[in-house]
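Take a look at this single chain, the form predicted on its own, given in structure tokens.
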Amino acid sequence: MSTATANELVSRKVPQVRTKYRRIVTEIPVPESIPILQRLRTFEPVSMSGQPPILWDRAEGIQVYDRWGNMWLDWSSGVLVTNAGHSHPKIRQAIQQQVEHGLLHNYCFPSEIRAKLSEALARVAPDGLKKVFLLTTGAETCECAIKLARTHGRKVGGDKKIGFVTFHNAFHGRTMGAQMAGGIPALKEWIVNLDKDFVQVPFPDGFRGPDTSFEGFLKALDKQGFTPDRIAGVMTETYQGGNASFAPPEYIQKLRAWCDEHKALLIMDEVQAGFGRTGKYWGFEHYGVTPDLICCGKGISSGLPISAVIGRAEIMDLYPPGSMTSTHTGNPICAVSALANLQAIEEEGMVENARRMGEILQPELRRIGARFPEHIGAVHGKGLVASLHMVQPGGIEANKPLAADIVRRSVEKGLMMFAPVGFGGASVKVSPPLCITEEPLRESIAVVEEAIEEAIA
């Protein structure tokens, strides 16, 4: 075991916390949890040991509990999954009823529940995007989108129209195609023989991608020798998942027009952004465009592994029967979870709540950013997703140790966060469940500000 890993499993005495929403009454990590954490270190890959050493026992609504009396306000949503909150009663009931009904798996054989979910997703999708392909993970949807884009490109432009454009710092998953499409070079060194027809261009976030003009996109393609007739598709996260950065609306609108002109598909990776996270049902609504394909997952079910590609029929129907399938497509348990989740989000007004709570969260985080300008290079986000870009004093170089320290201190104070991601692993990500209300939101903002104060001091 490495020294760094061993240090994670040494209990620390921390101040006790007792509020309506947070409770810390033990050392962290809890001494009794260490043997279990050590078993995980022994039998799992070391790559799985990156999160705070908190042994989750149960989670409900906006809170996470261990078995030793500690309770955290959740700013992770289990990495942006539990949009409707943890263990939502409607979702739990739907899962229990389906288990008792007696259908746990049916491959691609037809089922009524799969028909209901496909119809429900088509109903909430924009006009024209009415075909739904149910899958398991977000990475799988991005792989499918790459496949469809290249197939469509060859159909309309011949064998050379297979180029696929994505953005610097983008993350689309951990499978081979998704990582080749990603914009983080370190994550694809293992591939070695990268596909020469995958190309990345700067993301216009106005911070690390300072050129926010669409001319920057055209110049980047030209510099790398990619002409429009070679491009089959352009895929972007609606906001960059690691750092909650959005592009200017006019940039995406020009990108939409460029894709139309050159018969390239515009693909929005909504795996993090969809189902209300940004204060709109689909994050791309902030741009005023409709993509050709939507990749979605995470918040689609608020807990179980299911995802979907939603798109135009002429694209989704490119492959004949039996040639674009997945073993667990529309798994009945996952499908009922997703249906109940869509129902809860709609009936309980969670999209509107995310918008209203975002009107509190975003200005407060920007205030904190302005208070510590030497250490917080930018604050990005919309609705109930945000990111504090931690930097070395006075510059834009990523400050990973500071970000990690802020997360550790927040967790020790009863605010659950996940390990820093984004540019250089130095982005402190904010993503509470969409059911959070003003009182716990303001309390959690105060906690993270206190953690930042202490970490900088």
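In this text, residue numbers run from 1 along the sequence as written. Worth saying up front: this structure is predicted, and the values here are computed from it rather than measured.
Just so it is clear, the following notes concern the form predicted in complex with pyridoxal-5'-phosphate (PLP), a form of the same protein that is not shown.
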Discussion item. Considering non-hydrogen atoms and a 4.5 Å limit, which listed residue (G173, G153, G330, G303) is close to pyridoxal-5'-phosphate (PLP) in the model of the complex?
Written reply: G173
Practice prompt. Heavy atom within 4.5 Å of pyridoxal-5'-phosphate (PLP) in the model of the complex: which of G138, G383, G311, G299 fits that? Just give me the one.
Written response: G138
Worksheet item: in the model of the complex, which of 209-217, 373-381, 348-356, 267-275 comes within 4.5 Å of pyridoxal-5'-phosphate (PLP) (heavy atoms)?
Response: 267-275
Discussion item. Contact with pyridoxal-5'-phosphate (PLP) in the model of the complex for C142, defined as at least one heavy atom pair within 4.5 Å: yes or no?
Written reply: yes
Item to complete: Enumerate the residues of 225-254 that have a non-hydrogen atom within 4.5 Å of pyridoxal-5'-phosphate (PLP) in the model of the complex, in sequence order, or give none.
Response: E237
